[in-house]
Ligand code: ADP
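Presented as structure tokens, the chain that follows is alone, the form predicted alone.
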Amino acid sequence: MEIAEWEKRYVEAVSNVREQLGNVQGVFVAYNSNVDAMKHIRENEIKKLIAIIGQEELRERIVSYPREIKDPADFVARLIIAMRDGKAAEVPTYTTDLHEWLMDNLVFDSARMGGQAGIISNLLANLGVKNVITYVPWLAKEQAEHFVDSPNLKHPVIENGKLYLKHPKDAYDPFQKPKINWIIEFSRGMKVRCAGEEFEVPRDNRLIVSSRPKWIRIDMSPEMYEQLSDIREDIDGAILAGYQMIREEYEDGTTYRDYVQRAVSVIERLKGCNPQMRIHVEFTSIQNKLIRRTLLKDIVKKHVTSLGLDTVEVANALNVLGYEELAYSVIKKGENSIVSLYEGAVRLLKELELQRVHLHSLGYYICVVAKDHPLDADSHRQALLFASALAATQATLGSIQSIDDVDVGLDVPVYTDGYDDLIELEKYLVRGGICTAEDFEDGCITADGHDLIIVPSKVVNEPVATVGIGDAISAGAFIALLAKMPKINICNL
């Protein structure tokens, strides 16, 4: 199929999904939301930070590859690594000292909604979804102020022993401290000289310094848990993110096992009498391998229907599931990387007993779907195309204020490099007898127990911002699928 034909499919998909969004009763979104301190770093500023820390110190830190930011040297080392590789990274810090150092030596450009759940909640509310029920365990006043002013956006709160749904600005805890992440964005073409290396940044991307204060918990009060079933009639599905906040051990003697069990209990509570409720988990960078594997094996497997990942996250997931060679092949640049991504998605689908795995890479999206999924390949393809148009809109405008904004994304051309990558995957599938050339563009129905849907994406050459693009992709595709799902009230049967 020529690119011009893909452009026509984009227009048709966006039109269809836009008409169907009213079919969605609502979505529950949890857990991670924070205030993002945004900073677009420039060459003179990175030079300043390097000078403050010192070349020799940075050389050692870069080699050691810190997986936790304990001090400014760790921060600058991970920033240089991210810039050198042109890859997004998220690294935790458990101290507030770094925030104070950054305020003294860098200063942010602006503050905005951050965290996957927070960004997705605002996006879905602005798209006009009837009920967006967001839940943030650490909802502070400063955080609540970054939720959009929309009557369809609500947060559960317990008052006098009863659960009510109120706008986040009326539901925050006045005694809760805010969680503030730093988002350091960098531009392609920047030149950096440090620790004997000199390089040019290959791609626009970002480093996220994720604040993990001791009081952070992926949890909810017993009263809220007991009454969570009251919101079931208001939702058709849930998008869950933020499990990277779980720690191995806590000061009060609890461990990750306690919070994993509570996370599973919340999912079971949401499903209640409807075990077919769609539950999507948005994966992210998790430095701790134990937590990463536990999330996949104990929360996602058997309890979740859908998983969203980017290229690096696919490799990280495969690595802890025992597919080290395939994980390496996924992140290794080369003409076979798209083939490895496809094979990795299939492994995740089967290993985790999912109905759907959606991964997004620069230039294309891949979705592998189990045979028992109630929607056909055309519905999945339309969902991916809608998601791509949303992501292009987010990249162009920096934020999406209404469903009508998606027309901006439609004007962004299909990325030719991504289109070329599809040709490579098509050759592999045809050679292996997995799919015919005729079926490839409409969705391969394989004999291996899964369907494959793949589309070339729209890519903005100079995005206003990169934060939130991945969230727009995953949330856009998921909400489009919910809009197409048949409505059966199992609870009343």
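For every residue, the number given is its place in the sequence shown, counted from 1. Computed from a predicted model, the values in this text were never measured in an experiment. Here, rigid core means the biggest group of C-alpha atoms that superpose within 1.5 Å across both forms.
Beyond what is shown, the protein has a form predicted together with adenosine-5'-diphosphate (ADP); the following relates to that form.
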field: Listed residue (Y243, Y172, W182, Y365) with a non-hydrogen atom within 4.5 angstroms of adenosine-5'-diphosphate (ADP) in the predicted bound form
entry: Y365
query: Which listed residue (E343, D310, E90, D204) meets the criterion of a heavy atom within 4.5 Å of adenosine-5'-diphosphate (ADP) in the predicted bound form?
result: D310
- prompt: Counting only non-hydrogen atoms and a 4.5 angstroms cut-off, does G26 reach adenosine-5'-diphosphate (ADP) in the predicted bound form?
  reply: no
message: Is P463 part of the interface with adenosine-5'-diphosphate (ADP) in the predicted bound form - any heavy atom within 4.5 Å?
response: yes
field: Contact label in the predicted bound form: V459 to adenosine-5'-diphosphate (ADP), heavy atom within 4.5 Å
entry: yes
query: Might S361 be said to contact adenosine-5'-diphosphate (ADP) in the predicted bound form, defining contact as any heavy atom within 4.5 Å?
result: yes
Answer range among 423-431, 29-37, 451-459, 56-64 for contact with adenosine-5'-diphosphate (ADP), defined in the predicted bound form as heavy atoms within 4.5 Å: 451-459
query: Listed by sequence position, which residues of 1-38 have a non-hydrogen atom within 4.5 angstroms of adenosine-5'-diphosphate (ADP) in the predicted bound form?
result: none
- prompt: Once you line up the core, how about V357: does its CA shift reach 2 Å between the shown form and the other one?
  reply: no
message: Tell me whether I208 is among the residues that move between the shown form and the other one (Cα shift of 2 angstroms or more, core superposed).
response: yes
